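Next up: a single chain in C-alpha cells, the form predicted on its own.
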C-alpha cells in the first residue's frame, strides 16, 4: 500500500509539532510521500510564515524596509532546526531568499519559500529525499494548472521510494514559480497522491475530522465518519472549511479516498472521504450528512404573467448576467416567477446597470430585491431514500421561529437549500442540526 500524507501549517509550526509529525509517519511504513505547508501559527496572535513572506515582498515593492519581518521568518526556521538538533545549514538558503526579495522577486516566489524551507527541514529530520515541487507541478504560462504536463512527471516522483515535497507551488513553462490560491498545499497533496497512485491520501490538520456543521454555531457538532466526494463538494462550496475546495478533484478522478486526521490527536478516527460508489448502506440510510451556509446574498425576484410561455425569457436573463460579469448561485423558479440568488460581492458597482438591463430587455411586471440573505445547505446522499426529510427540516425551522425566504432543491435530491434572513442564520443552522444529529 502507498499513502500520501499532507501536513498543514499548524502541524508544522514548531519543533514540537515536527516531532509529532515524525512519530505519525514512522508509525506506518506505507506513508511514503509527505507534502508540507509553511509553518502556521503556534498560538493566537502569532504570524503565519506565508503572511510574513507576502509582507516582505509588499514592503520591498513600496520601497520600505522588510528587515523586521524577515528577521522573524529567519528566527522561526532556525529555531525549528535547532530545536530538532539538525545540522542542516539553512542560513545560506535564507540569505538567498532575502536577496531575491531585495532584488524585486515576484509575490509567488516569495510566498512559496515557506513551504520550500519547511520541506527541507522535514526531509532532513525524517531522512527522506527532498523533491522540489517545481520538478512535479506544472502551470501554463497563463497561470492555470497544467494537469496533462504534470501527469507526465509521475516518474520523477515514483523514482523516489520516500520523499518530502513542498506544497502550494510549482512552475510555469518559462521556469517562473507559480502558486495555487491560499490553502493550495491541499491541492499539491492530492496531485501527489494521484501521481503516485496512492491507495489513500491522508490530510493531517488541527481538527479531528470533518464536522457535521460549524462548531462556532454548534460547539458540540459531531464528527462525520464518512462523507462522499459529492457531499463534500456541496458542503465546501457552501462554506464548510477543512480542505481546499479544489483539492478534491485530482483524487476524485483517481478514486482515491481522503482521510482527514488530527496531528494533535492521531488516535482519533477522523473523517474518510470516499468516491460516491464506495458509500455504504449506512451512509445511504443517513438523511443528512452535513449542514453548511454562507451569508451575504441578494435575491432578485422577477414576476411576469405567463412567464412560462415567454420563450427565451431565461435566455435573455442569462445573457444580461453574462454581459454584466455576474453569475447567479441559484435560479429557483415558478410558473410566473424566476429568482436570481447572487453573491453580494458580485453586485458591487453593477446593481444599477443590471436592474436597468432587466427592465428593458425582460419587461417584468415586478422586480423585488431582497438583501441580507443567508443560504443554508443541508446535504446528504441518503436524502432521496428517506421520506419526510423536508418536512422534518421545515418543522425544525418553524419551531425556531425562522422564516424561509427561499427554498430550492437540486434534481439529484442530495441537498435542500434554504434562504433565511441573515439575523436568523445561526438559529436556523442549529435548529436543522438538532433535528438530524
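As the structure is a computational prediction, the values presented were derived from the model and not from experiment. Positions refer to the first chain, counted from 1.
Although it is not shown, the form predicted in complex with a small molecule is what the next lines describe.
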Would residue 37 show up as a contact with the small molecule in the predicted complex if we use heavy atoms at 4.5 Å?
-> yes
Classify residue 184 as contacting or not contacting the small molecule in the predicted complex by the rule of any non-hydrogen atom within 4.5 angstroms, answering yes or no.
-> yes
Indicate whether the small molecule has at least one heavy atom within 4.5 Å of a heavy atom of residue 139 in the predicted complex.
-> no
Taking 4.5 angstroms as the cut-off for heavy atoms, does residue 229 touch the small molecule in the predicted complex?
-> no
Just one of 48, 31, 55, 405 has a heavy atom within 4.5 Å of the small molecule in the predicted complex. Which one?
-> 48
From the list 116, 168, 77, 210, which entry has a heavy atom within 4.5 Å of the small molecule in the predicted complex?
-> 168
Per contact check vs the small molecule in the predicted complex (non-hydrogen atom within 4.5 angstroms), the hit among 307-315, 360-368, 342-350, 184-192 is 184-192
